[in-house]
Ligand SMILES: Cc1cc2nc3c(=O)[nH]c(=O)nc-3n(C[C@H](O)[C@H](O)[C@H](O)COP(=O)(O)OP(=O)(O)OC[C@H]3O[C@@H](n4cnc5c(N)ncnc54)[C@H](O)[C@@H]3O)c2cc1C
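Heads up, the chain below is alone and in the form predicted alone; it's given as structure tokens.
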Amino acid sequence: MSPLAESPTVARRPRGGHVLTSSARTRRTNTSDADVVIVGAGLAGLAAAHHLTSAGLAVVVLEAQSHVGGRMATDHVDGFRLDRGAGLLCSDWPELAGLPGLGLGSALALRPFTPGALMRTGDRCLPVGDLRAGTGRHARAVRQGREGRQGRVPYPYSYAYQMRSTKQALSAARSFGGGRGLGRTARTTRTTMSDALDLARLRAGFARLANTPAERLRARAELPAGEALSARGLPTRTADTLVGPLLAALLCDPELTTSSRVADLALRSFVRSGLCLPAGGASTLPELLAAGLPKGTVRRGVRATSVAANAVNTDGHGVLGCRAALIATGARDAARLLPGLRVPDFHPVTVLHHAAQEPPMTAPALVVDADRHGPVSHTWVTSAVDPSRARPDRTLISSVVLGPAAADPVGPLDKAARTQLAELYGVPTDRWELLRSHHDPRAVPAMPTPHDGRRPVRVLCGLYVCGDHRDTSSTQGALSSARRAAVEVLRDFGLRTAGVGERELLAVA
């Protein structure tokens, strides 16, 4: 490993400060095609371009593919919009809310899931993570979007209150589906007092987590997420049946080797705001970012072959002079362009998209197989969350496969998944149509302990790198690394970072 690439202390700024004189800026600009050339038009590259163009810099973004967005891509198949990845967003991610070009008046619309998730275990369907259920001033405040003192979510901890809320949530779970599928199955089963007690305790724990500042979660002892569940006193059944499968779905890590600090932050975002999807498909977000940049900024079909602090060589499109180069590709391509960068391990993911005549359930809920009796980790009726993704006469169901099973051939995988989905939803699946199966062996960079969520983005003056592999493996992490890289570029150029660097945002998974 090259210490130059990974150490934040090797690349020092010029003596006497980092401010360039106006004459120096003029000389370098006159011989450059752009102030900054960004390699990669994924989410991180496009976000960094927005930060830099907002500061008045001339930016060129090179993308080897014909489309922007990287892994946030959406295929259009027979009237359906099918995401290639399994990424689910949290609406409370500060980087997403503060990104230039996606503020008030933006065309980006987020379609929310039902708060929490439905854990399917045995013949029972248990709601987990919904802290908005119940009545009274606390629940009303949450539904209206208000927060308590010091920005805390006003959830009470009393056991009696949690029991009342849990009974209401269980009642709501029985009514999911409007008489079809999973809803009908839940109504015909019996929820035991033990289930109610476990859920009440878990809801109280989630309420405390929602109120815990992110800085305090970062200061906790770091363990693999699976070990941390046991170390924190959770009953074995609760950890194995409820929290563990939910975390595996949120992190795309079935073995729960991810850092417990990242897992805590991911769970905190989940219970505070729930999950959502961009309306129209995952590609909507990067496409809006690209459209919001100055005309000609993004150049598709241009592959970078090598980079330096003052030039980027391309395959068949010549050399682009610049004052700085920012690598915003995936980890493997970044290491190819910047030898010495560490390439992490990855969690593979396969996404299956099925079309059905009738919806297996009508609620826009995330369904998690707590018993793990098949290849599918979690599933949802996509057209219930975002109707624009399916034809009006059909239903779209998306399912995610994690771990070694993700690499299975499509035929056997689809057969096993259908059997499992029939059990999860309580409806026949033999007539479902498999629209598309997308396998990505490097879908999610692994984040084992110890995990540095602020890996250096400045290699040396004029050379930078960003992406989810420099932060946390999520949309929030990609955006956070992009902002940090833009701050470093502006500082080295001697420009103000107000509105970018002075806004301290917390990176959550």
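For every residue, the number given is its place in the sequence shown, counted from 1. This structure is a prediction, so every number in the text was calculated from the model and none was measured.
There is another form of the same protein, the form predicted together with the ligand; it is not shown, and what comes next is about it.
When contacts are judged by a 4.5 Å heavy atom cut-off, Gln65 counts as touching the ligand in the model of the complex. By the criterion of a heavy atom within 4.5 Å, Asp333 is counted among the residues contacting the ligand in the model of the complex. Heavy atoms of Ala41 reach within 4.5 Å of the ligand in the model of the complex, making it an interface residue. By the criterion of a heavy atom within 4.5 Å, Arg303 is counted among the residues contacting the ligand in the model of the complex. Heavy atoms within 4.5 Å of the ligand in the model of the complex are found in one stretch of 256 to 264, 348 to 356, 225 to 233, 383 to 391, which is 348 to 356. Residue in contact with the ligand in the model of the complex (any heavy atom within 4.5 Å), chosen from Leu88, Ala239, Leu199, Ala370: Leu88. Note on contacts: among Arg84, Arg418, Arg81, Arg268, the single residue with a heavy atom within 4.5 Å of the ligand in the model of the complex is Arg84. Contacts to the ligand in the model of the complex (heavy atom within 4.5 Å) from stretch 415 to 451: Asp440, Ala443, Val444.
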